[in-house]
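Single chain ahead, by itself, as structure tokens, in the form predicted alone.
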Amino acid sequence: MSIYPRVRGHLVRPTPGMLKAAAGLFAVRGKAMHLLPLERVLATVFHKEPDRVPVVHFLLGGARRLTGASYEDLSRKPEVTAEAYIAATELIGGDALYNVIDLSVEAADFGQEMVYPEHSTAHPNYLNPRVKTPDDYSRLEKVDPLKTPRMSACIELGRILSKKAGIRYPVLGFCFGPLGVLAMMRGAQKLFVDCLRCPEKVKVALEVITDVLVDYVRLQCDVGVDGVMLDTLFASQSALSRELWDEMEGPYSKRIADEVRRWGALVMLHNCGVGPYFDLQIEYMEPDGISFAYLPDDCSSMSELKEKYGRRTALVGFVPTEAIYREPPAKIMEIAREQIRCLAPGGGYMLAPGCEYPPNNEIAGALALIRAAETYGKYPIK
């Protein structure tokens, strides 16, 4: 999947029907031998049972420790980031590569001042927001992702990973949702108030941001990523009400997801909010998979989650990041084992942390996830 031919300059990808057929073949082959990570993930996305449950460890900033890269170089230099991500996946294990670096990439290219800490994730300068008042929403201007420093770096990262992954690993692009990008420039609390008090002003900015994000995901697809993960954090009880998210981000997120699908790539979502609105996100974006940290707002158990959504989208998660940070490997494996038992039968489940792996944590937790999948995640699940 990671190397596609070009005809007259355009990438040629397999059709959904071809991918589904390939997933079935991989599932059959997985009964007799180990699959490549790409084969394992593809079978899972199409709700087939591969050889074992795939693992997406979301190591991100933690990967730099394996190559000795500084956090700033990881944030700014795609060659350095690619080396760290590939090293982490090869040394620790894992079944996917991704070009996400941090959640400030898009906002920085709209003019948000950034801070690059020595030992932590890059973030906006919260004392100098790009959008200081509601009147500033109309002052945001469209930018070209190829001519901006951070989005262009992530596009290049996707190109490098796609080239080096060959046919072994799937490569996932990344895009923060329109409201998330705006929150990085306004501050989440103030943005939420503005969504209630002056929604039309907010929508002016969302239109501009969405136009840019559509271009951004198209450019990621064009360099060969196999899918794009759209972060829709605010579609959850920890952010906006169902009705407000439906109005303020649902239609914009649909445009972005439709663009990814138009290019023949997989649509993946990430939502680490409490009580995510799976039904609304599926209605708008029709994702092939959802990465999550908490049960959806309309599910009270893992068994209900599997019954309600297990055939509608692949489930990616949801070992608590606080457990990875605080608990010993044996406890992490125990948590993973229970999730595998409940969510993996029938396929459509990938083991992963609920969100980014703690960047300054030891890698023992990531190794525990791999070991849990290899120990408890072999199909058929016992």
Partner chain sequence: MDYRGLLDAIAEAVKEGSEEAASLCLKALDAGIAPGIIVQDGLSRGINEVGRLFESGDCYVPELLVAASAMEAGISALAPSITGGGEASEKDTVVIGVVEGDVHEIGKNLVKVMLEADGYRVVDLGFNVAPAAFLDRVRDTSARVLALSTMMTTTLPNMHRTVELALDMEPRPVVLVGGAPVSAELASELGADGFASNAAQAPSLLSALLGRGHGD
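Numbering follows the first chain given and starts at 1. Bear in mind the structure is a predicted one, so any value in this text is a computation, not a measurement.
We do not show the form predicted together with its partner chain, though everything after this point is about it.
With the partner omitted from this view, the residue of Tyr309, Phe110, Tyr252, Phe192 that lies near its partner chain in the predicted bound form is Phe192 [heavy atom within 4.5 Å]. Interface residue among Ile282, Ala87, Met302, Leu244 relative to its partner chain in the predicted bound form, by the heavy atom within 4.5 Å criterion: Leu244.
Not displayed here, its partner chain is approached by Arg326 to within 4.5 Å at the level of heavy atoms in the predicted bound form. Looking at Leu161, you'd find every heavy atom of it more than 4.5 angstroms from its partner chain in the predicted bound form. Among heavy atoms of Pro359, some come within 4.5 Å of its partner chain in the predicted bound form.
Taking non-hydrogen atoms only, Ile92 never approaches its partner chain to within 4.5 angstroms in the predicted bound form. Figure note: of the listed segments 151-159, 221-229, 117-125, 202-210, the one touching its partner chain in the predicted bound form, with heavy atoms no more than 4.5 Å away, is 117-125.
Contact check for Ala188, Arg197 and Ser238: all three have a heavy atom within 4.5 Å of its partner chain in the predicted bound form. Shown without its partner, the chain has no residue in segment 89-106 with a non-hydrogen atom within 4.5 angstroms of its partner chain in the predicted bound form.
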